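One chain follows as structure tokens, the form predicted alone.
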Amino acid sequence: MSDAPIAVQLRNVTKRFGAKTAVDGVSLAVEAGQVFGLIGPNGAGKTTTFSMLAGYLHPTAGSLDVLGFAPSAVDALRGRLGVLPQDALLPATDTVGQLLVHMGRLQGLPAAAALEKARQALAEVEGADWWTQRCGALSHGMAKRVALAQAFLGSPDVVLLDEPTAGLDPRVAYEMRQLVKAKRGRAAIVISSHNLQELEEICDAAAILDRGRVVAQGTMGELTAANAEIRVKVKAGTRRGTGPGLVDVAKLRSLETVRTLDYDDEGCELYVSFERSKAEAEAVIGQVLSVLLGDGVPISGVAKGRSLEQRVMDLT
């Protein structure tokens, strides 16, 4: 962890519903300005953790704070914490402008400032033309953008987003991701989502939950082993062995920088781990490819680390 101040902290947090334990001793920290993902399958405890951070639920045991305050400290966090719940419904009869100005006023902004911040937030989601439209007449994608605008209204220090791109078409989802990326460094953003490819793209760090417990957490590079492993995909049907066109596993393992090497015969993929203190990923890639190409092995792809999806599948 860096020297950046901590914006969100959970210490051994547990939440029980009767005999069921939904969250079991979760501890994690989110730095100021960091985009942090909550990852896990259904029933992992993501939504319950999110709800406790938002102040919707109280922990059974342990403690959590947002900007040094309990999430229930409404007055202390007013205007400093933004929340986008999953599938949040907007008031159908309000116009978009009325809704956002009202939310600004609830943050304690004076009328003129609330109007200015509302227009600014709507413009950031490319919805300036929707100001007078009724919320009930918005498409799903438009409503999601308006909901995101209210979450970021007034430049809060912490923003909680639950499935922010669920149900959106690819173009709108892409635009939403770009907006979140643009906020990196300006707010600590906690995202709960099933879209692992999306989280891998936009998050600085994440925690993987399974059955209420944290099974792994760290920077995205640490979770995917991007700084300690490379993957090389070879042409389908390529076999291991010695000679032209074959993957010589023994020769590759003899490379000085290689720590471990596995070859998936079915997937035709090499997994090579290395000591970062001895070499960078790019150098290891060069050495491995030199051997493979020298043996005439056809290469179809190279990547650093494992995908976040594969990492989650391995752990949950």
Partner chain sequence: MSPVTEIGLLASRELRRSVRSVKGLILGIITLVGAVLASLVLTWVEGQKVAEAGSREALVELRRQMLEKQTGDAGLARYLASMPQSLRSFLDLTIWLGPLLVALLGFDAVAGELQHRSVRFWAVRSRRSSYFAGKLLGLWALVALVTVVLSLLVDGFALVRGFVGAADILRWGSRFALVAVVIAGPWAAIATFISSTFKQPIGALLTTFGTFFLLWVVNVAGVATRARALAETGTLPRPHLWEYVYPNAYDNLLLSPEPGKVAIALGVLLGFVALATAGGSLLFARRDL
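Please read these numbers as outputs of a predicted model, since none were measured by experiment. Numbering follows the first chain given and starts at 1.
From this point on, the text means the form predicted together with the partner chain, which you will not see here.
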query	finding
41, 33, 55, 62 - the one with a heavy atom within 4.5 Å of the partner chain in the predicted bound form	55
The single option of 89, 128, 182, 236 touching the partner chain in the predicted bound form, heavy atom within 4.5 Å	89
Joint contact, 15, 81 and 150 to the partner chain in the predicted bound form, by non-hydrogen atom at 4.5 Å	yes
Contact stretch among 163 to 171, 208 to 216, 99 to 107, 192 to 200 - heavy atom within 4.5 Å of the partner chain in the predicted bound form	99 to 107
Exercise: residue 94 in contact with the partner chain in the predicted bound form, heavy atom 4.5 Å	yes
Interface membership of residue 134, the partner chain in the predicted bound form, 4.5 Å heavy atom rule	yes
Heavy atom of residue 85 within 4.5 Å of the partner chain in the predicted bound form	yes
Contact label in the predicted bound form: residue 123 to the partner chain, heavy atom within 4.5 Å	no
